[in-house]
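Before any questions on binding or motion, here is one chain by itself as structure tokens, the form predicted alone.
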Amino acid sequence: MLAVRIWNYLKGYVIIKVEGINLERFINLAITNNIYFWDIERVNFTTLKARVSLKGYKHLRSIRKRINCMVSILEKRGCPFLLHRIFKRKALVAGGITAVLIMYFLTSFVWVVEVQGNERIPGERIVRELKAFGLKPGAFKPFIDTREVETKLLIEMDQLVWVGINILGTRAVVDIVERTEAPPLIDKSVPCNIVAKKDGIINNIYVYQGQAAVKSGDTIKVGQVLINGVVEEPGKPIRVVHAMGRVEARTWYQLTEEQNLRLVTRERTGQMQRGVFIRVGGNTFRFSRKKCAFQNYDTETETRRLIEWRNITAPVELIIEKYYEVIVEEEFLPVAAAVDRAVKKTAQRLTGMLPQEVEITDRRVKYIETENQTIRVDVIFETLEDIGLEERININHRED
């Protein structure tokens, strides 16, 4: 149905008013002669309004004479009439063509270079390297070989493992993946201590090599020595070894979550409508006849470029919006249920933050009611994890 309306708009149609006594016979004869109306509206007993194609309107003359009806045009719609009005204004046409050419010319250049995915490498440095390879604001898009630029950037910057360049309109989006730097490994022959990488209370300590500097139940701070690589035993010479072991400690994480006591659910009914738009530059034009009739709905948008050839694109897009009718229901959660929801959300967040071997052993929950029918929940999780971290011993410094 939508395709038919678009086709009629492109071909042109008229809104007519038919006045006469035998309106039903008039419509039947028109249909018999392959003349079709749509959006027929009965105004009164002797008058109706309808829409008909230009070709169909031309063939209505013979039927009008036979039935003795009067047919008049109320409105002319569609591309032929729009173009006719436009081309009557030559200065406007010339200005429009010039504007389109200028816009098309300007969209043939890259005006913005965006870098995404960098964490340790400054974006300014990447932009400088890209500029040296020809990718910069003002570069002519057909002259840019994105694959060549990607290869050169990977060769020049060994901190990168992957580069992807996509030219979207006048933007060049550069996605990069940085090389992951592995933590420095200390050779087993190099003396080292095992120190705490976070605060906690010692639960168990297993010493494979070295000398324990703490015991179960001790409270420790970040950087404190847990297993000493300098072994001192009575009656024996001091030994410096590569400390090895596992130190399990109780640690704590505090997370906060806000939960609304007013819970809104949206369920789709299965009914759907579409809206079709054409966007030219910064202007958007609606092609669908009616706006969405649903009171509550979800929207999904699909955008398609209408003019695209290689790396050259024109700022003309077809936008299709799908409106899904939904039933909105509200319920008010009891405070206990809201707290339980918030605790589950914080537990999911914490699980994503921690390594798999970390065990959550306990939790403490506090909450306060805030404004706007929400509660703020603070959850303190107690975990059991290995907090040991190898740290090299500076032998020269120790001898001094």
Partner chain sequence: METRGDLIKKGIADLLELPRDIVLDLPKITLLGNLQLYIENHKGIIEYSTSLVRVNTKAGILVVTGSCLTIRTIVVEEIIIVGSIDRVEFLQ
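The term rigid core refers to the most C-alpha atoms you can superpose between the two forms while keeping them within 1.5 Å. What you are looking at is a predicted structure, and each value in this text was computed from that prediction instead of being measured. Positions refer to the first chain, counted from 1.
Only in words, not in the display: the form predicted in complex with the partner chain, which the text now covers.
J.: By the heavy atom within 4.5 Å rule, which residue out of 350, 342, 48, 67 makes contact with the partner chain in the predicted complex?
T.: When the partner chain is considered in the predicted complex, the option within 4.5 Å is 48.
J.: Going by heavy atom distances of 4.5 angstroms or less, which of 34, 62, 372, 356 would be at the interface with the partner chain in the predicted complex?
T.: Looking at the other structure, the residue within range turns out to be 34.
J.: Work out which of the listed stretches, 328-336, 364-372, 52-60, 24-32, brings a heavy atom within 4.5 angstroms of the partner chain in the predicted complex.
T.: Of the stretches listed, the one contacting the partner is 24-32.
J.: With the partner left out of view, is residue 40 within 4.5 angstroms of the partner chain in the predicted complex by any non-hydrogen atom?
T.: Residue 40: yes, in contact with the partner chain in the predicted complex.
J.: For a quick test of reading the superposition: does residue 23 move by 2 Å or more at the CA between this form and the one not shown, rigid core aligned?
T.: Comparing the forms between this form and the one not shown, which are aligned on their rigid core, residue 23 does shift its C-alpha by 2 Å or more.
J.: After the core is overlaid between this form and the one not shown, has the C-alpha of residue 35 moved by 2 angstroms or more?
T.: True for residue 35: a C-alpha shift of 2 Å or more.
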